[in-house]
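Below you'll find only one chain, the form predicted alone, shown as structure tokens.
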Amino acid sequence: MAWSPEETINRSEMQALQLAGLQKTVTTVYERNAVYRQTLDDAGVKPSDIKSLDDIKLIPFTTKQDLRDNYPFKLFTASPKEIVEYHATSGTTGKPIAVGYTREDLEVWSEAMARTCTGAGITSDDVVQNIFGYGLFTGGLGAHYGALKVGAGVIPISGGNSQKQIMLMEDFGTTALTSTPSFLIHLHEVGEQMGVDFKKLGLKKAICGAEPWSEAMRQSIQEKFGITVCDIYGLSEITGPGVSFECVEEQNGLHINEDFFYPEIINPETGEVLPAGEEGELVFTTINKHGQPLLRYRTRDISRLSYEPCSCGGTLVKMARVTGRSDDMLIIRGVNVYPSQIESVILKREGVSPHYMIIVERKGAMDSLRVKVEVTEEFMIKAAADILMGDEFDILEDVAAVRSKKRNLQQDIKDVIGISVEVHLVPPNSIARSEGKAKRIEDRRTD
């Protein structure tokens, strides 16, 4: 089911919309932004040179460093009077990245998120408990705008307050959730301690995103809550959540709102544009944004594009679930490793939970990979009911069940990523929880 007609138009109609949007955007940034005008002049590109979509290759890339270097507002094309809302990234490394929206931008964002909600099956009959964080983070307000646009009721609770989250689900008749997947897993753990059976509540559906997660984690959430879960993708620099969304009919690939955000896949090493179906780095150009349009923004996210028809009837190009980042991926002994690969192995095993930490260390000239994985309460009791637990199961090396579990996990992870890892099984609740994006990697290498 589509929210807007643009989701079902044919390819030639979409390309005509995209070309018009691209030409207008290049002209706008050239005329209204000194930084972009200098960049285009240095590359020998004028707005009149963009005669086809293929001419986008003439335009230089924009990077996150460009946004930091021009913090806060030097890449804006709208005047301060036209900007009606500001957001920013968390700024974990140096200055945050500022984002500004005009009223037209908020309407585009709301439209993109209305498509997202509709794709997940959310309608005016739903009560949406919005667990994404409100404030400078774009997740909360983005989901809020979309849910309101489709006519749903919204509970703007934001993150944290686990017991209160569950109370409101029970008392307010929540039917849909928006959240990071790791926090839903955490909520289920809290609910179990409270004696709550989520399958007996009115919950029916959820939209999850804002962090890397695997298909196995989706299946786990769906089973634990008795709901359908759709993926969402976005980044603050482009608009926030709603850049692409999964449909409940297939739950296989995310429809990109390509009439707003023109996608490319490039070779992250060479910048070469890759054909559909090949995996590489996602690049977006905003072609319907007024406050802060971006040309060929390198997301560093690894995905691929597909133009195959979808059973939902939508014709928007799909992107595959992000498998990692070209800058954050781990390179261990020459092998590219993504946390989602390790997670997919963990979630297939009984006796262990979805909570894990990947630790990278350098021993001499060799990098090593260690994975700490929590076991379940049931496994712990079964394996060592009468032994005092330490920080890890090192004192239980003689317990056959522990040795077998570690050995099997180590072999399965090696089969997937191609290198040996050391697995440590740790007690339940010993890995720190996050009420936002889960931290999965601790890189202890110093050079």
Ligand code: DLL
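Residue positions are given as counts along the sequence shown, with the first one as 1. Keep in mind that this is a model prediction, so the values were computed, not measured.
This protein has a second form, the form predicted in complex with the named molecule, left out of what is shown; the following refers to that one.
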Candidate stretches 305 to 313, 224 to 232, 68 to 76, 159 to 167 - the one whose heavy atoms come within 4.5 Å of the named molecule in the predicted complex: 224 to 232
is_contact(G291, the named molecule) in the predicted complex, heavy atom dist at most 4.5 Å: no
4.5 Å heavy atom contact, V317 to the named molecule in the predicted complex: no
Any non-hydrogen atom of G139 within 4.5 angstroms of the named molecule in the predicted complex: yes
In the predicted complex, Q251 touching the named molecule (heavy atom, 4.5 Å): no
Site test, Q23, I50 and E264 vs the named molecule in the predicted complex, non-hydrogen atom cutoff 4.5 Å: no
Listed residue (D367, D301, D259, E189) with a non-hydrogen atom within 4.5 angstroms of the named molecule in the predicted complex: D301
Contact assignment for the named molecule in the predicted complex, among A210, V283, L295, V373, heavy atom within 4.5 Å: A210
Partner contacts for 143 to 171, taking the named molecule in the predicted complex and a 4.5 Å heavy atom cut-off: none
Direction of C-alpha distance change in the predicted complex, E272 to G334 (at least 3 Å): farther
